[in-house]
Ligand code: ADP
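Next up: just one chain, as structure tokens, the form predicted alone.
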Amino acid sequence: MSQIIMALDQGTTSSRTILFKENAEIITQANAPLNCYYPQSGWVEQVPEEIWSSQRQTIAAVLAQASLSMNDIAAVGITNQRESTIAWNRNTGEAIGPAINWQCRRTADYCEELKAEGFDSLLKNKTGLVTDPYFSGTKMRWILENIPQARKLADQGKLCFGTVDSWLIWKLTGGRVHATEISNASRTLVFNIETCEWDAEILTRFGIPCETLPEVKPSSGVIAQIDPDLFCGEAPIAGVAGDQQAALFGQACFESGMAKNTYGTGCFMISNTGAEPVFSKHGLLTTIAWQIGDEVTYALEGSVFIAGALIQWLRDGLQLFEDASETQAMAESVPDSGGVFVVPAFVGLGAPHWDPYARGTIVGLTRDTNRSHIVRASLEAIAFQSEEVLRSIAKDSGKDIKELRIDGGAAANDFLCQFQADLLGLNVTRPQILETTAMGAAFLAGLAVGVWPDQAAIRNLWQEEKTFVSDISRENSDQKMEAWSRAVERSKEWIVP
């Protein structure tokens, strides 16, 4: 039997496919860029067919590079940008409009309406989520209310809604399977995380017909076979998880209290809370980490909307440098940020603030400020936002986090990692393989088909590359956080509702 696992990693700015060996080593990988579009202030869209074509391109590329066919693959795992919402025609398989990206704020007014009537309390109690445009449910309602074809198709029983995992499963199976995975379902705002079912009361309030939604599957287990006409062979789709849950699994955070932070387009910190959901009192999300067999594992998560995207903006928008790799040397060229703070609330603030009307702010500028100060302040902003989330996780869970495992592109920046450790006052550990999101999808898929017998075998594959240890006092860290909080307050409610 083949022991090669294919992982599809469909993200906000790119689609990737990686082939893993049984020992978790990477055989080969391919990447294709993906565009976002901004038709109005606060709106973020993508093209569903571009999502699919970019992913398909990378699948074909890795098979060609490795001289393999799909028949040589033991299993396929999928991990994806979450909350982004797509609607398509069940009969033709064609998307009926743009994919509304997770960053999009177009449903902010509807969220305020739900809060005004007190419906947000019911949503939090059933879904574990806050009432925010971030999540899929209000995006589905917007599509039904604003795209005439959507309501017509829904009335005819021909409309499919899905997050990106559902869209990829549909395409990969030639339109035979309309399914989603439970961690993705838990991010829609219409899924009850205790009964593990679509919630009829919420769907009624949002006006979403249940039959438009996909069947919910466990994170590890065979969902379907890939259409043999696509890649001259077939393999089982056997593991799926939203990108942050996949990274938690890929970091082998299998025990309650273990946590990871991913520095991607956004910044996402998740802590495993075990078999029971812990409902947050400090602005965090209660979410499903994964389901294996009948066992559901829950997590607490803090979502920071802008992290790596801030560095991208400094490069492309302000043109302060040519390559992100330059930022470490620039940050280290000055002793501190010179009193400058950058609050990257480009699309509002996520956890723990949840202010969709906040906007990006730079404060503390003087005539002495240069571009290195702004770059340093930007890297520090990523760490400040993460520290806010970790403090909230510790308060909600009642557990001390002893170590933070990190991944994502910016985790390669030693300055950021050290500053993060200093703020947190604990060890920040970087693994040898930073592709933990894709690796988590591969682990879930391989677990389902017997490439790995159990989670203990997977845990043994995780290896540390470097640990960053805090070397400042708690008092110093608290002072830095207090100054950061003052800057954040100046960014809030900039757009008047």
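Small disclaimer: the values here were computed from a predicted structure and weren't measured. Think of the rigid core as the biggest set of C-alphas that the two forms share within 1.5 Å after superposition. Residue numbers run from 1 along the displayed sequence.
Not on display, but discussed next: the form predicted together with the named molecule.
- prompt: Even though the named molecule is not shown here, does Thr92 get within 4.5 Å of it in the predicted bound form, heavy atoms only?
  reply: Thr92: no, not in contact with the named molecule in the predicted bound form.
query: Is there a non-hydrogen atom of Ala154 within 4.5 angstroms of a non-hydrogen atom of the named molecule in the predicted bound form?
result: Although the named molecule is absent here, Ala154 would stay clear of it in the predicted bound form, with no heavy atoms inside 4.5 Å.
message: Is it the case that Asn413, even though its partner is missing from this view, gets within 4.5 Å of the named molecule in the predicted bound form, heavy atoms only?
response: Output for Asn413 is yes: heavy atoms within 4.5 Å of the named molecule.
query: Is Gly408 one of the residues lying within 4.5 Å of the named molecule in the predicted bound form, judged by heavy atom distances?
result: Contact with the named molecule, yes.
field: in the predicted bound form, the one of Ile169, Ile193, Ile311, Cys253 near the named molecule [non-hydrogen atom within 4.5 angstroms]
entry: The residue from Ile169, Ile193, Ile311, Cys253 that makes the contact is Ile311.
Selected contact from Pro344, Gly264, Pro356, Pro214, since only one has a non-hydrogen atom within 4.5 angstroms of the named molecule in the predicted bound form: Exactly one listed residue reaches within 4.5 Å, namely Gly264.
field: Options 228 to 236, 321 to 329, 170 to 178, 397 to 405; stretch whose heavy atom lies within 4.5 Å of the named molecule in the predicted bound form
entry: Within 4.5 Å of the partner lies stretch 321 to 329.
Within 352 to 380, the residues that have a heavy atom no more than 4.5 Å from the named molecule in the predicted bound form: Only Leu379 sits within 4.5 Å of the partner.
message: Does Thr327 shift between the shown form and the other one by 2 angstroms or more at the C-alpha, the core having been superposed?
response: It does, since the Thr327 C-alpha is displaced 2 Å or more between the shown form and the other one after the core fit.
field: Threshold 2 Å Cα movement between the shown form and the other one at Pro98, rigid core reference
entry: Superposed on the core, Pro98 moves its C-alpha less than 2 Å between the shown form and the other one.
Core-aligned CA displacement of Asn192 at least 2 Å between the shown form and the other one: No, because once the rigid core is superposed, the C-alpha of Asn192 moves less than 2 Å between the shown form and the other one.
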